[in-house]
Ligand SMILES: Nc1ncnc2c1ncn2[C@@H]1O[C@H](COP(=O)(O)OP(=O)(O)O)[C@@H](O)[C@H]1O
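First, one chain by itself: the form predicted on its own, in structure tokens.
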Amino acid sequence: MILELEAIAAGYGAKTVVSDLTFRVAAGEIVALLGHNGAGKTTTLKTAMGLITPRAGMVRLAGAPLTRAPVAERVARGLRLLPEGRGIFPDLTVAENIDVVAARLAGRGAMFAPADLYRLLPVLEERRGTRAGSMSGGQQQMLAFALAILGTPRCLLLDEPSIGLAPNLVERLFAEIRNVCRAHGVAAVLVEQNVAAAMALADRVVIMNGGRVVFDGTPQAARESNLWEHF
């Protein structure tokens, strides 16, 4: 297993959002984390990333405990978050965005160096000198994805990556996610309101309701369950 969340409880202030949450993601596996707004999906990703400290439970990456580890250590170990809203440097060019992150994460022997990103995502090669904030939403999302996989990612936490994208760009981005996970054994947790696209991409579906896991199984089993009718 690459990422393990075990009996997690987390929230904000006095409010508990996630309770007794347990699920695991294997190398190369894509898990769609689904549920209504407020179900606790983004809180789960933030807890895994260390942006929220859990009140109870354990977070492990490749067997190593990370529950109290700072965000920087989690990133260095290969846990990466693609946040809702992209998380790029809008005033820097595409090349500057990549170089800034590569300076910290893409050393010798890295899975993805800058040259690999330009080859994988030709639109970034074409826009190397373009200020990131002036690009289209789809191009910005491709850059955000590139920054998330720089270096040697082990698990991607993807929070609404398709938001604001045209259907053809969603298809392209999801194809790249699939390629990275399949070819390099990278795990991924996908929070996504585009349920049909998420189900088509995922190997496994975890459905949350009220901060708890209410379903964990294959996409086909999710489609056949009564829970599927609510999405």
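Bear in mind that the values here come from a model prediction, so they are computed numbers and not experimental data. One rule holds for the numbers: they count along the sequence shown, beginning at 1.
Not on display, but discussed next: the form predicted in complex with the ligand.
K.L.:
Would Arg60 count as touching the ligand in the predicted bound form under a 4.5 Å heavy atom rule?
P.N.:
No, Arg60 stays farther than 4.5 Å from the ligand in the predicted bound form.
K.L.:
Is Gly38 one of the residues lying within 4.5 Å of the ligand in the predicted bound form, judged by heavy atom distances?
P.N.:
Gly38 belongs to the contact set for the ligand.
K.L.:
Do Ile207 and the ligand come within 4.5 Å of each other in the predicted bound form, heavy atoms counted?
P.N.:
Residue-level check for Ile207: no, no contact with the ligand.
K.L.:
I'd like to check something about Thr42: if you look in the predicted bound form, is any of its heavy atoms closer than or equal to 4.5 Å to a heavy atom of the ligand?
P.N.:
The answer is yes: Thr42 has a heavy atom within 4.5 Å of the ligand.
K.L.:
So which of Ala222, Leu21, Val25, Val17 gets a non-hydrogen atom within 4.5 Å of the ligand in the predicted bound form?
P.N.:
Comparing distances to the ligand in the predicted bound form, the residue within 4.5 Å is Val17.
K.L.:
Counting any heavy atom within 4.5 Å as contact, can you tell me which stretch out of 173 to 181, 30 to 38, 199 to 207, 63 to 71 lines the ligand in the predicted bound form?
P.N.:
So the stretch in question is 30 to 38.
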